[in-house]
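This document opens with one chain alone, in structure tokens, the form predicted on its own.
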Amino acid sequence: MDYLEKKRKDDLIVNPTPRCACILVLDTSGSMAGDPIEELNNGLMNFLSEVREDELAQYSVELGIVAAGGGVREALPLTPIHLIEAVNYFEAGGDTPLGEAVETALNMLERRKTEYKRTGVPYYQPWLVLISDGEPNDNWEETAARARNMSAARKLVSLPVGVSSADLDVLSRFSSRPAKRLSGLKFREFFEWLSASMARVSSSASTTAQINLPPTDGWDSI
């Protein structure tokens, strides 16, 4: 067992804070090269900094990252923010296997939920954030239906976000709600919104309560 894995397991024993698992599926394919991948990296770093500054959210929010670009890579297992020391910058390259990436993410969420239940740690409805500037080029339909069904059953908050000319119709198939399009390259504004949303979820008195999330007009173009 590596150092981080031991810390993740120990945290479920010593930190009884209800958890909000948030997993990012990031399109890091070749089409994201240049300013898009740079702004994505910067926005992600700002997100980590902002959540760390929230006394409650840093112990409640668990972040996981799956990268889809020329293959699928579990870049970060679901880890409480206060235990994350650094996240490597992503580079763009390759094609866009979003179906496999989302399948990997959903399996990561299921494994972590099993650990929550085994250790008696309460948890909020987990989040899946899918960010892409295109559309999947692998077999994605079955996985999209899995995510959409979980979203419709309120077992998952699935938020597809399209960048630039992304196919929103396809991305919307991964959720029971329509995908949103990022205005320009407002990754910083999006991650600020995500940080504020995580803070609201983690401060909720009940893991089953409806949460009024901040408005998205600071970053979406719809």
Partner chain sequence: MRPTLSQTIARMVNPFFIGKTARKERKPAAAYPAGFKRVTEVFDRLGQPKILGDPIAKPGGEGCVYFLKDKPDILVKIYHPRKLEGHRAEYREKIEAMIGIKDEFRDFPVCWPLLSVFDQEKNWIGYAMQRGIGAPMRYLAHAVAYRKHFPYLDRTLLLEYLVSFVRNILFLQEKGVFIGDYNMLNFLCDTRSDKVTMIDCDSYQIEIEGKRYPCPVGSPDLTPVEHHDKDFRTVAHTKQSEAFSLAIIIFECLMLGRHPYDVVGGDDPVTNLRRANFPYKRGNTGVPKGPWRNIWTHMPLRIRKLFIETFTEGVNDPEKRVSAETWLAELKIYHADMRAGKYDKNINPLKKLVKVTPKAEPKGIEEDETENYVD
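Note that the coordinates shown come from a computational prediction; the quantities given were computed from them, not determined experimentally. Residue numbers count along the first chain shown, from 1.
Keep in mind that the form predicted in complex with the partner chain is not shown, yet the notes after this line are about it.
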Discussion item. Checking a candidate spot here: are N46, T119 and R188 all in contact with the partner chain in the model of the complex (at least one heavy atom each within 4.5 Å)?
Written reply: yes
Discussion item. Given that the partner chain is not shown alongside this chain, does S176 nevertheless sit within 4.5 Å of it in the model of the complex, heavy atom to heavy atom?
Written reply: no
Discussion item. Against the partner chain in the model of the complex, would E142 count as a contact residue? Criterion: heavy atoms within 4.5 Å.
Written reply: no
Item to complete: Answer yes if any heavy atom of R52 is within 4.5 Å of a heavy atom of the partner chain in the model of the complex; otherwise answer no.
Response: yes
Worksheet item: Counting only non-hydrogen atoms and a 4.5 angstroms cut-off, does S165 reach the partner chain in the model of the complex?
Response: no
Worksheet item: the partner chain isn't shown here, but in the model of the complex, which of 100 to 108, 143 to 151, 127 to 135, 80 to 88 has heavy atoms within 4.5 Å of it?
Response: 80 to 88
Worksheet item: Among the candidate residues S197, S31, S172, N41, which is the single one with a non-hydrogen atom no more than 4.5 Å from the partner chain in the model of the complex?
Response: N41
